[in-house]
Each structure stands twice: as C-alpha cells, then as structure tokens.
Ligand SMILES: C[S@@+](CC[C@H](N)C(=O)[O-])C[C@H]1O[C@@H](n2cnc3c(N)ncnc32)[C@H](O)[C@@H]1O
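Below you'll find only one chain, the form predicted alone, shown as structure tokens.
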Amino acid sequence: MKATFNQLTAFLLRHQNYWRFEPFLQSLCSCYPTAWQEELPPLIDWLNTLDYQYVEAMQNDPKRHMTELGQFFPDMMAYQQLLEQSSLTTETVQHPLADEARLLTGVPGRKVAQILAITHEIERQPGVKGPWVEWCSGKGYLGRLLAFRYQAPVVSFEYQQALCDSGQVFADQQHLPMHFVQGDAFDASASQLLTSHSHVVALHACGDLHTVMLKHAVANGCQAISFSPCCYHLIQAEHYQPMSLTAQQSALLLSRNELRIPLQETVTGGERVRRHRQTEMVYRLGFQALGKDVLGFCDYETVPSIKKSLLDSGFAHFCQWACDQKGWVLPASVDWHHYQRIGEQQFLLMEKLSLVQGGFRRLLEWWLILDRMLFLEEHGYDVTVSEFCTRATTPRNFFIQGRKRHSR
C-alpha cells in the first residue's frame, strides 16, 4: 500500500498543471492554461473539437471519460485500474429484509440504499459485530439496522439535540438497544465514548469529523472501525493535514479548495438541477465580462447566491439583481445578448477545463483514502476498502474498514 501511495503521489505531482487550478476562474481568461499550450498542444487541439453535448456525455460516463483522456495521459488508466484492483468487489443490496422495512420508514431512498449496502459490507468482514458506536449519527438510521440485526448495544453520538431526541423516541418504540448521546465531536470528552471493545461506524462523516473519529478510535484501541468519508474540504486548517506518516513525508500539500476537487462529480441531481447550474454559470460568467468592460472590474468580483427561481427571469434581470446586491449602477444601454454569448462561450470552456481536471478527481480521492488506510495500518489494523454502492447512489462511495490485529 505504501508503494502504491508513493507512486500515486508522484503521478499527481507530475501532472499537477492539469488539476491544480479553478476552472471557473480560468475560463474568465477565455483561454487554456499556458502550461497546457506549452506541454501538450494535442490536448488543446482535441478539446477544441468538442461540443457541449460531447463533453456532457463524457461527464456522465466515467469509463469513457478516462479512456478518452488516457490518450494524453497514458498512465492515468493504469493507476485507476491498479487502485480499483486493491478494493473489494461489492454487491449492492437493493431491498431490506421484511422485518427491517419498518426501521427505515421515512428514510430517503438513496439513504436506504447506502445503509443497506454498508451493513452488507460490515457483514462481509470477520470479527466482532458490536457493541457499536455510531459517530455523527443523526437520527440513527444506520444504528437502527445494526441494533436490530445483531441485538448488540448501539451508542449513537450526535451534535444536534433534536436529532438525538427524535432518534431515541423511535428506538424506544421499536425496542432497539440504542442510546443517544448529544455531544461535540471536537471536544476531548468525545473520546470517552470509545473503548477497546467498540466497533465504531460512520456513514458520510464530513472532513474533520471523521478524521477526529479515527484518531480517537486508534487512541482507544477500538477493535473495529467501519466508515465512509465525505466532504474532505470541511476542515479547520487552511491545508490538508495528512494522517499517516507516509503522507506526512510526501511532497503533496493540498489546499482546502483542492480538497473540493473529488467532490465536483454530481451524479445524483436531475435534469432540472443540471439546467439551473448551466444557466447560473453562464449568467455569472457573462456578468463578469460585462463588469470588466462596463463597470471597470480589474479582478473577479464575487456575487451572492441567488434563488434558482430568479434565473428564469433572464440574463438582464440577473445582472441588475447582482448590481443591486453590490450597490453598483449599470448604464441605461447594455448589449445583453453580447455578454450572454460571452458567458456561453466561457461556460463551454469551463466544462472542457473541468473535463481534464475531472480525470484526476477519483485519483485525488484515492490519495486521501490511502492516507486514511495507511494511518490505520500504522496503528495495528488490518484494512480493506470497497466501493459500497454505485456512484449513481452516491459518488462518495468509498468504505474503509479496519480491524485490530490482536482481536482475531
């Protein structure tokens, strides 16, 4: 694992000009990065042949996306395949057992699929199944299923008191051995919930919430750890703080913004969400071009978030709204069509830039996953990783499990 991590680090550093940028800001320049033009002209020639429909088709087809980019980055596919081979093959469970359906009443469909898949992954691992500590539990959806299947106690740890109260009421009604504890994951006292007998679990604990969980778990010698990470950028530091000694010694330092790159994939939104995103990006880009020519912008000017319903009023309305928010005054006459057209051209460029960056998205996430796995391995755990469900169910589908070696 360490050798694979170091090879991946070298690959990412070697090609950092192709993922270490912000597509939106680069598109405002109406050109590709200078390094691309100097290092890889064939890539730019290829990108210039693509229309939006082709770009969108590749964004929706990861294998095709990687294959197409592979002609310019020959080792990209090799690394992707190597990493995929190191993960366990996953069979997603689609439906709860008859007696379990009542436990998932009111849970959104995709969340049900995720919970069923995770419990299936836990079952595949040998060793103790409880007692459980459900970290960042919410209402305890995952804990419900674990408590029912194994009849082992579950401590559900959650920050919001209202969620604790709701979860406890449901658990008591269903006679589940669950106990909700309200608390702050970042408080040192949270560590007291974990013991050497604990099997700590977490579904999509964000950023520092799951890294602090891992630190508490290894410090207390928890016998097993099962979790899916999420939202890597939600950290308190300006830069990513590597967990493993191997990552700490590497030359790759990721900013908080760069930690967002693995999260850029959106496969769970519908057509309406996609259309709103496209319209908003066109309007924002067009407005920046207008601002440069008409309002004298020298640099990028941020514009507040807008209600999606207001986008239906058109580009001119968006620009006037943006100016009202910032206290700017537009002239009486503006060539709205011209600037909207610039926005459309820059949006297409942004999508092409994102297409290239997106080829490194999963590899960057793998780098973060391997760091967590190495951390557990360094602390005496046997570690596995799987993709616990399809990326259509959730793009954040990595599931890491560690089992203390002495607990066999």
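Note that residue numbering begins at 1 and tracks the sequence as displayed. Remember, predicted model here, so these are calculated numbers, not experimental data.
Same protein, other form: the form predicted together with this ligand, not shown, and the subject of what follows.
- Across the options 318-326, 206-214, 333-341, 219-227, residues that bring heavy atoms within 4.5 Å of this ligand in the predicted complex belong to 206-214.
- None of the heavy atoms of residue 312 is located within 4.5 Å of this ligand in the predicted complex.
- Taking the partner from the other structure, this ligand in the predicted complex has no heavy atom within 4.5 Å of any heavy atom of residue 127.
- Using a 4.5 angstroms threshold between heavy atoms, residue 159 counts as touching this ligand in the predicted complex.
- Although the partner is absent here, residue 186 sits close enough that one of its heavy atoms falls within 4.5 Å of this ligand in the predicted complex.
- Residue in contact with this ligand in the predicted complex (any heavy atom within 4.5 Å), chosen from 138, 242, 177, 291: 138.
- Contact annotation: of the candidates 149, 111, 120, 284, the single residue with a non-hydrogen atom within 4.5 angstroms of this ligand in the predicted complex is 111.
- Counting a residue when any of its non-hydrogen atoms is within 4.5 Å of this ligand in the predicted complex, there are no hits in 28-58.
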